[in-house]
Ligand SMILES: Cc1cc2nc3c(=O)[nH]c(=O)nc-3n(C[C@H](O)[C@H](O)[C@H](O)COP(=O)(O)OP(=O)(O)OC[C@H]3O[C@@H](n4cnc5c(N)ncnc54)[C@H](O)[C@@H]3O)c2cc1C
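To begin, one chain is listed below as structure tokens, in the form predicted alone.
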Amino acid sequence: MYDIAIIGLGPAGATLARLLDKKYKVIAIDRKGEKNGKCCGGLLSPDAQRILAQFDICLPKEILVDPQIFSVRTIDFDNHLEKFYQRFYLNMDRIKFDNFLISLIPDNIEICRDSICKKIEKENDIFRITFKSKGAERTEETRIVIGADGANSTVRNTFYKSRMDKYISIQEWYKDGINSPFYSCIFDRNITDSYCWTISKDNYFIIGGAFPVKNSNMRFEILKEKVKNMGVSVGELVKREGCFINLNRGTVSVCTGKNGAYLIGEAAGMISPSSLEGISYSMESAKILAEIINHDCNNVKHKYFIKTSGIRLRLLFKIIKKPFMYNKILRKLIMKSGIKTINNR
């Protein structure tokens, strides 16, 4: 019998596992192995950097990749506009970043990687988790289960109705064939009502985007053609990856959980609806939940909901900001105004 089971060891689950008191018997189940990562642009936002600073965590240099790019090339195909804006992201290797956070977890936590959670059932006050690990099926019981397993969360799908809009993130890695590295943000309503991106990363060039589930592959192919028509010469295709992304309909999309089944990070709906950034919310929500459980594992529901009000408020501001990014007319006005643009020669 475990006290706590954590499903997922991305930034949310790894942070929670690291911060939980050693008085608890904890198991952490993660479907990724050391060489697998999430479909992610791998840019560490200033908010995520702030959370790491609060933890007094310094990133090893091998996590960072070349080049460090300080501007985003914003390409608006809808309005035929292009502008440059200053950005303060860190360009990193997402797989190495996740592995680094997992390496900080203390030895008392039982970690099961390359393990797929297949089913979670609740009987009275006990959760029974069935998962496949190292080719064998295993069942364990726990008093508390925490979903840190992203957009397609097994915990959320089992115990709560989702009020999130699901999108599919697809990106492809190419051996870098371009002469000048760059990071771009692409808007095109014919492709997606979210956004797309290109990122240069350690001699690779990434093309990706967040697409509605219907016709997502076709939309991605259109994006690639448009990028190539910009005069971008990509090299040999190395790999293709994808994952689900949740997009908020509003703060009602945030579900923190109750009765022993709690959610953190993107599983809880804590992801920016404008930029799709979720690492900062993942680590912050994990920190809040760990502090509550460490103090008293009873009555977690109300305390966790109240103490995450700051996250929900910031997400509300992101929702208000979203039309200025994704509405064609408003975006045109902002870009034409030249507000916060930089000259790029």
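Start at 1 with the first residue shown and count on from there. For clarity, every value in this text was computed on a predicted model and none was experimentally measured.
Unshown form predicted together with the named molecule; subsequent notes refer to it.
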Inset, instruction - Among 32-40, 288-296, 63-71, 315-323, mark the stretch whose residues have heavy atoms within 4.5 Å of the named molecule in the model of the complex. - result: 32-40
Inset, instruction - Consider the chain as shown here, without its partner, and state which of 142, 253, 171, 274 has a heavy atom within 4.5 Å of the named molecule in the model of the complex. - result: 171
Inset, instruction - Name the residue from 99, 154, 200, 194 that puts a heavy atom within 4.5 Å of the named molecule in the model of the complex. - result: 154
Inset, instruction - Indicate whether residue 117 is a 4.5 Å heavy atom neighbour of the named molecule in the model of the complex. - result: yes
Inset, instruction - Look up in the model of the complex whether residue 17 has a non-hydrogen atom within 4.5 angstroms of the named molecule, and give yes or no. - result: no
Inset, instruction - Give a yes or no for residue 243: in the model of the complex, does one of its heavy atoms lie within 4.5 Å of a heavy atom belonging to the named molecule? - result: yes
Legend entry - Touches the named molecule in the model of the complex: residue 7 (any heavy atom, 4.5 Å): yes
Legend entry - Contact set, 76-94 vs the named molecule in the model of the complex - heavy atom within 4.5 angstroms: 94
